Each structure stands twice: as C-alpha cells, then as structure tokens.
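The chain below stands alone and is given in structure tokens; this is the form predicted on its own.
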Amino acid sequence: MTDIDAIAVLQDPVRRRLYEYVAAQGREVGRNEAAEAVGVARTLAAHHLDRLTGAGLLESGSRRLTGRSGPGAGRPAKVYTRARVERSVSLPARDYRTAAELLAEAAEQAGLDAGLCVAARRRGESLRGAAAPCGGLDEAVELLAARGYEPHLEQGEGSETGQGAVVRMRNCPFHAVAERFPPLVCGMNLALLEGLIGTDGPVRARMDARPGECCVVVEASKNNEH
C-alpha cells in the first residue's frame, strides 16, 4: 500500500481516534481497552483496528492479557502497537530526508558538531521567542507535544509527589537521520531543546537514550529539587 493510501485510511474519525490512542500508549493495546477508550463497541473497534493493521499503520500480535499461563489462563487476545514504518506524503514530491542526510554526513566529516549545536540552540531560543524559560514539567509536556515529540510524564522510582519525575518522548522528529548519525543528530536535538525550554529555569533537558524513544529527557533542574 502506498503512503497516501495508508494515510487515507485515517479519514474515518473513529479509526483515527483508535490509531491515536494506540500510538499514544507506547505499549500493546487490546481490543477491549481501545474500544472503551474511544467509546465504541468492541466489534467496531476490532474492525477498524484490523483495517489499520492492513494499511500498515499498526502492527498486531497476540498474548494473554490476564498475565497468567497454563490451563485456565484463557485464550490469547489480539493486541496492537503503532507500526515502526514511517509514512509521509508531499505534493508536489520533495526529498528533504536525502538533503538532511547529506548535510549531516558533511557536518560529521568536517567535525562541525559544535557549530551545529550552537545553531540548534539559537533556533530553539528563536522558537521560544520572548517567553520565559519553561516553568515546569507540565508546561514542558505541552511545549514538546506541539513540536511532535509525543511526551509523557514518567514518575521516578518510588515517587508519589512528582519529585524525580521526568518527561520522556516516544517520538523523535529527526529519527530517520538520527539512526544514521546518532552522536551528531542527538547532540543537535539536545541543543535545540535546551534553547526551546531554557537552561536557567526550573526544568532542564539532558541526554538519556532509551531504545524506541527520543534520546533526550526533561526533568527538574538540580537547583529546584528539594
């Protein structure tokens, strides 16, 4: 299926809500959970989830949702996750990815990492404009969501008050180029977010790579921890 045909599958509003819900969880989602989350019947949810899988927007598998195994554990249920493949449409056709990869290759070979980070931090500050540095983790979540990072708040181990919480991001907007040039692009991404969030406010960005997520996290600044 072509990218434009796959994206067209999201035209149905129920199907789009199901896709957005599954994508936002960052884990396997069963049919019952998805149906309840968007307020439709399980059979209708199953139909749309399978259409999304057929279009290559979701991936499906099966497992026992009870967490038990052996006799009496029940039949495996169908579960869904967002597909790893990237879809895009440009009319007329554009190829910014090749240009980005060529520029990244040239920058890496010329040792321009520091200069790239300076430019990225400056761009982040420009995007922030006259606004003060980010005022807290909730504000950071809103800011990052608007930039397509798909942030989620993760509590620190044993934390019930938010102390030790970090904002992790399920999506890296620069993923395709970062895969080929990780030190260069991840350093650029960190500098961009430092400029966007600010370095002298109550939160800070730092590198903390984890498989399947953005290499940067946002947390309370050291001088704001108690």
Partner chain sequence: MTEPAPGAHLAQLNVATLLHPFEDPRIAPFVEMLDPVNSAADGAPGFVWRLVEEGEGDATGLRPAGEDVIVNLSVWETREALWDFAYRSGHLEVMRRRREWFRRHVEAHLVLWWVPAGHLPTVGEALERLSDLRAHGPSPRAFTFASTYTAAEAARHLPAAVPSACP
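Residue numbers count along the first chain shown, from 1. From a predicted model like this one, the values you see are computed outputs, not experimental measurements.
One more form of this protein, predicted in complex with the partner chain, exists but is not displayed; see below.
- This chain lacks the partner; the member of C186, V166, L58, V40 within 4.5 angstroms of the partner chain in the model of the complex by a non-hydrogen atom is C186.
- A heavy atom within 4.5 Å of the partner chain in the model of the complex is found for exactly one of P182, G54, G26, P173: P182.
- Contact with the partner chain in the model of the complex, defined as a heavy atom within 4.5 Å, is made by all three of D113, M207 and C215.
- Only one of 102 to 110, 75 to 83, 88 to 96, 125 to 133 places residue heavy atoms within 4.5 angstroms of the partner chain in the model of the complex, namely 102 to 110.
- Contact annotation for L190: at least one heavy atom lies within 4.5 Å of the partner chain in the model of the complex.
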